[in-house]
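Below, in structure tokens: the form predicted on its own, a single chain.
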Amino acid sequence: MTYDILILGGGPAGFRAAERAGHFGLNTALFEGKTLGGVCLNEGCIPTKTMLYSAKLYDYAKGGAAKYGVTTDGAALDHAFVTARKDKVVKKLVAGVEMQMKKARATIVRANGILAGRNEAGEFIVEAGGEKFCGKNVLIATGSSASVPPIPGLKEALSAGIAGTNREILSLKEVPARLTVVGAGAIGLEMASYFNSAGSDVTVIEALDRIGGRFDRDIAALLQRNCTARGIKFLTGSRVQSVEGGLIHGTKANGEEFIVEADKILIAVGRKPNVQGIGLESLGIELGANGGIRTDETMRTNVPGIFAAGDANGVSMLAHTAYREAETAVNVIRGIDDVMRYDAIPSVIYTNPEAASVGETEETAAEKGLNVKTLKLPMLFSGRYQAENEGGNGILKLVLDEEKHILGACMLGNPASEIVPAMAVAITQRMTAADLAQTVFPHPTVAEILRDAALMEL
């Protein structure tokens, strides 16, 4: 049998591509050696958000709700129950993906697929589970894995179970008394937030001079102040030099040395595309400067008929990006014009409070030589925000170009993750501040602050 599309990987890009391909009647084979759903569903996005929601409820129950006239006695967080519920949620969602694949009539091969060149007819060959499969097109969606830096002693700490990545931290049976997080990106901050709420003494070590990676500096600084007020300790501009069991030796930017003692160490310094050992060399598929498979805006690689989506191309390593990249690839395979845009990809840090960003920040705009104007409002400008965030200190920033088109937005405050999609639409549709100001928002909602900010420019 010759398939219309062979998909390597059953994560967000892979299963979304299989679902869309099946929807359009394409004969599809999906190769996955682990559980369907990939890292996001099994070891990342969904598990962490499930645990963070429990932590948020606990934060309110143990005292936060008192600001709203609600008091409780004897509040406790049962970490074992939280992780069991996390596993239940994941299991249910994985079953949902299985059902989607059945509905799409995709052939599921429970083994990793490896590219093995072409047959005499010019079709692509994928080997998996001792069998060979032929297809007209291939989508590589092999995802990514946690980066582990070559720090002396870290390998031994990983082997001993003292250190771990996102996979291991989500499986801890007990809350560590002292947790050190290496890396202050979304994964590191979210896990720092959960375990801080659960009772750990948390220290975060970050090589950059700020947390949040490429997040807006004002937002990142305010988020750090919020986390510090909760008891999380930060060592920014600092590097880990070595690990000895639970002792972490590091150096600050000024050369000062430090030692942090930890019962558990989370390594959260980023992710790397899974591109090794999948047979790229058999077809001469090229890698890009980011270490992922080089793709164009249609998700094509340098080899006609071979596409790559999701973390495997290393462009925007987020599940929602993977969904759209997969849809683009399937559309192109169908002969439908489609391109992937990266100018309006939302990013969220699901701490309490949440931080969200989409499009350009003041900093990225300056790097590109863009002349922009920034509109800034405290989240307290929103009546709904004040009603539900006693003492909240969030902010909203809109970035406009010279013609007042919306280029970016970022905010700190709950529920930022539910508001930022509106700004993704605004950027995608090239809306101006006037367009946004003419949009009617329901009252009272926190999202109204977007319109309030736009009105400042009229």
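So that there is no doubt, residue numbering starts at 1 and follows the sequence shown. The model shown is predicted, which means the values in this text are computed figures rather than measured ones.
Missing here is the form predicted in complex with a small molecule; even so, the following discussion is about that form.
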### Message
Between the small molecule and 221, 373 and 426, in the predicted complex, does every residue show a non-hydrogen atom at 4.5 Å or closer?
### Response
no
### Message
If we define contact as a non-hydrogen atom of the residue within 4.5 angstroms of the partner, is residue 187 a contact of the small molecule in the predicted complex?
### Response
yes
### Query
Heavy atom to heavy atom, is residue 163 within 4.5 Å of the small molecule in the predicted complex?
no
### Contact of residue 354 with the small molecule in the predicted complex (heavy atom, 4.5 Å)
no
### Task
Find out whether any non-hydrogen atom of residue 179 is located within 4.5 angstroms of the small molecule in the predicted complex, and reply yes or no.
no
## Note on the structure
Residue within 4.5 Å of the small molecule in the predicted complex by heavy atom, from 82, 348, 89, 116, is 348
### Contact assignment for the small molecule in the predicted complex, among 134, 208, 128, 280, heavy atom within 4.5 Å
208
### Task
Could you tell me which of 195-203, 243-251, 288-296, 313-321 sits within 4.5 Å of the small molecule in the predicted complex, going by non-hydrogen atoms?
313-321
